[in-house]
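Take a look at this one chain, the form predicted on its own, written out in structure tokens.
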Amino acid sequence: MKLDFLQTLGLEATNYGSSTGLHHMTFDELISSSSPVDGQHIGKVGSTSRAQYDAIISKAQEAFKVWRTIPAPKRGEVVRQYGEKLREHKESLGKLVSYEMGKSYQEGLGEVQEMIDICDFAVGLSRQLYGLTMHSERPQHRMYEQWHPLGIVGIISAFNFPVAVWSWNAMIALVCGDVVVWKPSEKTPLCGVACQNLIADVLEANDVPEGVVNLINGDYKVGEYMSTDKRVPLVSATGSTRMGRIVGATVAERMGRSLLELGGNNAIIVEPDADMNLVLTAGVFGAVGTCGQRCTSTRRLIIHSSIYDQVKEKLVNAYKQLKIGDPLDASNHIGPLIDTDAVKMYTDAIARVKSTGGSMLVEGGVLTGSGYESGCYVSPSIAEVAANAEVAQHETFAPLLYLMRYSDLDEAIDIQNNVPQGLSSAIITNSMRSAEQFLSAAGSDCGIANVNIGTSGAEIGGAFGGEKETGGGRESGSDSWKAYMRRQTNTINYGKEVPLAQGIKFDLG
């Protein structure tokens, strides 16, 4: 495959180790990146050592002292310019995302567009970091609250959204006055280097101190550097629930903050009056988009008994039309899984369904032959399982969709909520009553609840995140910016006496 897009992203060399936050580094260990699309080696990235990490953090601490004093709208201007840089390189970065991760080119472009959108959002936010004013109970006193930057924000991102999730965190943190240190997934390190290269040009053009935006690479041990580091007040981590438990406990032990975006086990409830076109589009894309490797991917379809057989038949027929292959070819619907470990996890899950009483309506498997030489291509699966099936309690990060029956909406909501995860949920219905019940306090327990759209995907304007084992964090839009700042309450006495609160008397005379 011709990889011209690498050069425009500053990735024409073989070893990309120099863009890790400090220039002229040499590395004892290298991380190799290969594409799941064709198995081709793309390049190597330097793995950050402990000494290099400490040097980067020290540089970030010094940069923070300067960056926090720059007016927020000026910080927003730097982010605006980065958004323009992303517009200029959208096609190249989208291709890299598709090639290194395996999602379709259209999804790769969509991910870069999310980056552009969050830059635009952050620019506006830079003039809206509002506090509150309050009336004091004491005469000639004024009270208000304001928000200050935290310091260094550590970001640990996952392979499935190798650039967008970093930007959700980093762009908001930057306009808030924080500096950022990013550890991308070791499965998609070149996407991290490309983003660093692009923003480095913008920072240099604006005379931003070195150390405001930093990149570190490596395996979980490099992530542990940040989790255990008191110099990093906030660690935002995206990944598995298992990883989140470790990061959350480690950061909490040192009294730091963590923002966790973890697993999902997302369901769509299909009501008897559901529009079938909506059901098929939302259900199929939700289940097979990104080869089922989104935290918001649809894992369960909870279908009313009266239309269960109809929906099942339409889904099985729709799956026959799916095209699987090179994600850079727009005619294909599904690309590869990230690596052969993910393939084994998928085939093991299918075996587990069959051994525990589930019925395979569409049994997927590993694809071989021309175009599938990487060993990472699979066909998607549909399984019928009981509503309380233990196998459906777990998230399989692959295109495995479970179908379940229900008889009334209360039962459907109970089925949906009766899993450990709580990220995304949806209902397809034309009933206002059903929709409102689903959105009520007695309805979905997820951080995201949709009506007549699927579980997959989210706009940057809303806060993104979920409850229970999903971690409780919120990123991106709404007032998620508050997670990246510290709140301060201020009381100003402009009188000549010091009356105490609650009428307390303290007479020294």
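Computed from a prediction, not measured in an experiment: that's the story for all the values here. Don't overthink the numbering: it's just position in the shown sequence, from 1.
This protein has a second form, the form predicted in complex with ligand NAD, left out of what is shown; the following refers to that one.
Looking at F397, you'd find a heavy atom of it within 4.5 angstroms of ligand NAD in the model of the complex. Residue contact check for I246: one or more of its heavy atoms lie within 4.5 Å of ligand NAD in the model of the complex.
Contact check for A158: a heavy atom falls within 4.5 Å of ligand NAD in the model of the complex.
At a distance threshold of 4.5 angstroms between non-hydrogen atoms, T429 is out of contact with ligand NAD in the model of the complex. The candidate spot formed by P184, C295 and F464 is fully in contact with ligand NAD in the model of the complex: every one of the three has a heavy atom within 4.5 Å. Residue-level contacts in the model of the complex: of L93, L423, C376, L401, one residue has a heavy atom within 4.5 Å of ligand NAD, and it is L423. Contact annotation: of the candidates T48, S476, T470, T455, the single residue with a non-hydrogen atom within 4.5 angstroms of ligand NAD in the model of the complex is T470. Checking 235-243, 302-310, 270-278, 114-122 against ligand NAD in the model of the complex, the stretch whose residues place heavy atoms within 4.5 Å of it is 235-243. Residues of 246-274 placing a heavy atom within 4.5 Å of ligand NAD in the model of the complex, in sequence order: I246, V247, E261, L262, G263, G264.
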